[in-house]
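In the form predicted on its own, a lone chain appears below as structure tokens.
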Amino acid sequence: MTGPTKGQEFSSEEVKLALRNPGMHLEGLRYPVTPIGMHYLLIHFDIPLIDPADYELRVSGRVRNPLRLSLEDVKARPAVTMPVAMECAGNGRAHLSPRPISAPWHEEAVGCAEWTGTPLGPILEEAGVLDDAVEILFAGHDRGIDDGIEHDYERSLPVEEALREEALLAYAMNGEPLPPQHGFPLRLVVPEWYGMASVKWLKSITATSEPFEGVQQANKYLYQSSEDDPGTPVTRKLPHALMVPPGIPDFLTRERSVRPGPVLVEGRAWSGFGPVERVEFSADGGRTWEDAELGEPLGPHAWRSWSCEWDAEPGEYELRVRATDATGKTQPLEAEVTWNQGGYGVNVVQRVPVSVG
């Protein structure tokens, strides 16, 4: 299930993935911090059962002082709490045509939780990463088969990224111990990168002198224009804005109905390349745009609120919203611009059809 599907009907496998991996309800954008039960999930294999009393994190490889840390050892270190807008790299995949077969996300693979843990950098410094190390490899306890290869879920980061002060070993979410589905008892959180980098159920950390070539690094999470394209790695989150669909929905189609008059349209925006500095709203399908009002960000790695008042008159409309970050990156208007073999980094503007009156 690696290539694009020829049709646009969802396969039974995709439906099963969608049922197993819920997204955030878009009305959850109203919450500055996403409730745990509304935060999106992507679980590649099975949720492992781990006894916290027996838990041990190994730090080894190209280091001077290998470490073996219990959960209590990790919790005894200085603690940091930070809100982080986390987004799946496959968010938006369902908008592509032809559509890559995988988790069929539209816009819902996102959430902004408060993660509590200890910074990764001081642990790596204590272990003494050697000069010949080029990457830090993170392995989870979850194991399965992908691309016909049995493996633990593993991802690596360049040493300089792993040493950034925001990289966190998290053991709590929204002030509660990590739920099993979110990586209990310990997970990595890499705030600026897409969610695939934030390895759950963390088992080991290994400094390596060669780039990691495992399945989830070399075969997956690559921007590829074709099967023959070697691709470039998926890393940081592209700018993205979402709105709370206004009005009320039809049960089956989710089409929106709005009463005439002033309507407050609101939502959240984020980017992994720098703070969001502009959000624009369109009520006419993108022909004209107006600047939304931005709220204060919860933190440097959280999403940012925005709002705009729309004078809704009777008729049929397509609402859109787009974000621009401090580096000038903005969202494309059409999904075709972001097409790639795996359906990653699809940050096309959100479209919400609305009937007024």
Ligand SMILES: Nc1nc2c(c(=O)[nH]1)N[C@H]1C(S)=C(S)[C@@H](COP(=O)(O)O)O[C@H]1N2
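These numbers were taken from a predicted model, which means no experiment stands behind them. Quick note: we count residues from 1 along the sequence shown, nothing fancier.
Beyond the structure shown, there is the form predicted in complex with the named molecule, which is absent from this document and is the topic of what follows.
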For the interface check, one of 117-125, 227-235, 136-144, 159-167 should have non-hydrogen atoms within 4.5 Å of the named molecule in the predicted bound form; which one? 136-144
H39: heavy atom within 4.5 Å of the named molecule in the predicted bound form? yes
Heavy atom of R99 within 4.5 Å of the named molecule in the predicted bound form: no
Using a 4.5 Å heavy atom cut-off, state whether T208 contacts the named molecule in the predicted bound form. no
Counting only non-hydrogen atoms and a 4.5 angstroms cut-off, does Y223 reach the named molecule in the predicted bound form? no
Looking at C88, M243, V276, V84 here, can you tell me which has any non-hydrogen atom within 4.5 angstroms of the named molecule in the predicted bound form? C88
Considering the named molecule in the predicted bound form, which of K75, R187, H95, R256 comes within 4.5 Å of it through any heavy atom? R187
For the stretch 179-212, return the residues whose heavy atoms include at least one within 4.5 Å of the named molecule in the predicted bound form, in the order they occur. Q181, H182, R187, G195, M196, S198, V199, K200, W201
